[in-house]
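A single chain, nothing else alongside it, follows as structure tokens in the form predicted on its own.
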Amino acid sequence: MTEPTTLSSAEDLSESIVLVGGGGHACALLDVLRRLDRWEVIGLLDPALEPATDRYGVPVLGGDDALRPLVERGCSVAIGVGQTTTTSPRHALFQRLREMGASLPAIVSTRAYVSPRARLGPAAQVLHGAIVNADASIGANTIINSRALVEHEAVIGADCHIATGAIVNGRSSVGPRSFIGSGAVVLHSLQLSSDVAVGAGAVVTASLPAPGTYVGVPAKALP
């Protein structure tokens, strides 16, 4: 395995974090991490990028082979892989990191609001301008993207993405591995199945008991 060349092998990394992924979601997440002043962001890992180069102002430390040595030295990990039409790459990475015993903290922007009574699972991410209200529950490895709203007592399952400006109203639930598109609205007290994709701008007015893709106002299943 290749040790990142920019780090001393004896360096304590318990107050550090590494970003896995080098795309657009990683860029947004890095901005959140820099404002938190909680960890030192030591770099990012992405096999598609050239090691020892620079990405978003941080060094590229290598690819997958550099991950385990960092985890073994106590470095926390932020998943910078986004999620749109499929959860598979992000979910697979999360599972792999859990098997390694990686520290996968929930990450909340300083410009977001999360109620003290809300619950966040490991690797959950709440980005700029998002609101997670009282008694809401956010599952592991779920993204609450910029300016999204998760209202009181709503439950968002694991491996979900509530996209920019989307609204999940109070006491509604969204099953695991689901995607709620930008500007979509889920009305109050509805239950959405696992593996549901709701298109941008759609309005969900009734519970969705089956997996599938739903679009329009009111939201209807695509054939």
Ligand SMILES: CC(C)(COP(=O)(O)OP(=O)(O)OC[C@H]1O[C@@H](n2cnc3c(N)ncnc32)[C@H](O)[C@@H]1OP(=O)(O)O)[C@@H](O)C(=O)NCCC(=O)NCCS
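Because the structure is a prediction, the values reported are computed rather than measured. Numbering starts at 1 and runs along the sequence shown.
The form predicted in complex with the named molecule exists for this protein as well; it is not shown, and the discussion that follows is about that form.
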Heavy atoms within 4.5 Å of the named molecule in the predicted complex: which stretch in 41-49, 175-183, 150-158, 188-196 meets that?
175-183
Taking 4.5 angstroms as the cut-off for heavy atoms, does Ser16 touch the named molecule in the predicted complex?
no
Give a yes or no for Ser137: in the predicted complex, does one of its heavy atoms lie within 4.5 Å of a heavy atom belonging to the named molecule?
no
Test of understanding: in the predicted complex, would Ala163 fall inside 4.5 Å of the named molecule by heavy atoms?
yes
Can you tell me whether Asn145 touches the named molecule? I mean in the predicted complex, with a 4.5 angstroms heavy atom cut-off.
yes
Establish, in the predicted complex, whether Ala200, Val215 and Leu222 all lie within 4.5 Å of the named molecule, using non-hydrogen atoms for the distance.
yes
What are the residues of 52-74, in order along the chain, with a heavy atom within 4.5 Å of the named molecule in the predicted complex?
none
